[in-house]
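For reference, the chain that follows is the form predicted on its own, supplied as structure tokens.
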């Protein structure tokens, strides 16, 4: 007999008929010999209505009272679902987050789960009852026993956390769509179902705006090894399994605020190729990386910085054997650069730099925690390590540094994040591709395509700080300030061109933040610029970020070239590029975002034969 946690969203319990359908599904699951815990959201648009009501009463509602108000939506749902189950003859009991014992931080409207007291649930399960739990909410362990809510995606988070605490056999997330799709079916109706996906891939897609699963829920599933399946509320189709790696032993105390970083990784066998002053126009990146792919050169990190005048800088790293790879890349791109027309004062240039290393912090717990990257940069600064390149994703932050600084950087990061040396952390020969997040060899012929999904984020803005000092500590200052204001940063790009200002080398640095935070970030950074001697802080809110994600792209030359070519064929200019091992992201103009998503999805052959219809 299995213990199953099922979660139903607001649409699934949006009417009496839908609640009865949920109850029938739960009863069917019980009759096959399973114990079931059901987590439900508020009915339909109840939460939106409660928020609207609050703002009609108050222009600035008190956060404590908002939690008190919003938690009532789930309380209605659990009672009605429990009644429906009882009407079908299935014993059931409804419990609020407080009654279950979902203990959270004392942070109203955005609390994280500390631990779950499972005794009461287990007692009712032993009495053959279905336990219907209010998602999205918990209670503090302070004397006041304050009601808290978990913020966006809270019901997903509640369900997976309960599955972890109860050691459930698996957790089912029921939603409007048949599972995880290759992209948003509202934008690409021919998006197709993915039968299974890794937690790392799902973390990237969820954080890029795929709304089926919240990143916090995926983070918990990954950290605790919870098997997760996403299914449609309207059919009996198998859905998508989200596969977790075998987790390291981890306490269920401080469930969501435990260690944010669990790996320090490094690769001391890299070379960097910088292409300076390449024309800022559609097709340049496609031609460059098309040549690189034809040379069968496997590229690791790629960055394209913000434009200076009519040109951009593009830099990337290649792995072992360093010299041969770097020379091959230089030979491949030289004729491409010569064929481009650049002004006499801005002649394109190729630079190959050996003796560099890549150090990374990795862990699912970095999501939504702006202080983690800032702590990494501050640690490297304190160790006197200068950062040459930065690449970020939801599960990793990587920095390219001098090879001579590698050992010192690793020791400092391990000390700062309290990570013991991992004897498994090694670099494999270049002929054996690796999933460097898992530190294990990847299958040479994966049954899945290299790109699993394409995502579009239209809610970001870009900030660029001109002429920041190129020395240890600069990145720590910038991102430390942002962390103090609780502003999370997504893409981070350092320009490769160096300028001298008053005898000090300077570079530009650009990064993206949530659009809602952009103006506050610009104001704060402009004040800091005067103090630290930085140049102007430029804000651009009219951007879109389009990304491809897939664990199978590791060790597969040509993925970037395919993406860039698709954009070039439709005259979509790339403004920024950044990569991780399993993701490539490009910033384009906002008005071209949807088109970019569609053409990239087509370029990788991800379309299915049937259109996906999303219920209203």
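Basically, rigid core = biggest C-alpha set you can superpose within 1.5 Å across the two forms. Positions refer to the first chain, counted from 1. This one's a predicted model, so the numbers in the text were calculated from it and none came from an experiment.
One more form of this protein should be noted, the form predicted in complex with ligand ASP, which is absent from this view; the next part is about it.
Chemist: Check whether residue 567 has any heavy atom within 4.5 Å of a heavy atom of ligand ASP in the predicted bound form, and answer yes or no.
Modeler: It does not: once ligand ASP is placed as it appears in the predicted bound form, residue 567 has no heavy atom within 4.5 Å of it.
Chemist: Check residue 398 for me: does it contact ligand ASP in the predicted bound form (non-hydrogen atoms, 4.5 angstroms)?
Modeler: Close contact is absent here: in the predicted bound form, residue 398 is far from ligand ASP, nothing within 4.5 Å, heavy atoms only.
Chemist: May I ask you to state whether residue 41 is within 4.5 Å of ligand ASP in the predicted bound form, using heavy atom distances?
Modeler: Yes, residue 41 is a contact residue.
Chemist: Find out whether any non-hydrogen atom of residue 590 is located within 4.5 angstroms of ligand ASP in the predicted bound form, and reply yes or no.
Modeler: No, no contact at 4.5 Å.
Chemist: Exactly one residue in 471, 152, 408, 120 has a non-hydrogen atom within 4.5 Å of ligand ASP in the predicted bound form; which is it?
Modeler: Selected residue: 152.
Chemist: Ok, 47, 29, 575, 562: which has a heavy atom sitting within 4.5 Å of ligand ASP in the predicted bound form?
Modeler: It is 47 that has a heavy atom within 4.5 Å of the partner.
Chemist: Specify the contacting stretch among 542 to 550, 154 to 162, 377 to 385, 485 to 493, defined as having any heavy atom within 4.5 Å of ligand ASP in the predicted bound form.
Modeler: Among the candidates, contact is made by 154 to 162.
Chemist: Using a 4.5 Å cut-off on heavy atoms, which residues of 62 to 80 contact ligand ASP in the predicted bound form?
Modeler: Contacting residue: only 74.
Chemist: Does residue 386 show a Cα shift reaching 2 Å between this form and the one not shown after rigid-core superposition?
Modeler: It does not reach a 2 Å shift.
Chemist: Using a rigid core alignment, state whether the CA of residue 575 is displaced by 2 Å or more between this form and the one not shown.
Modeler: No, the C-alpha position differs by under 2 Å between this form and the one not shown.
Chemist: Hey, does residue 49 budge by 2 Å or more at the Cα between this form and the one not shown once the core is superposed?
Modeler: Yes, because once the rigid core is superposed, the C-alpha of residue 49 moves 2 Å or more between this form and the one not shown.
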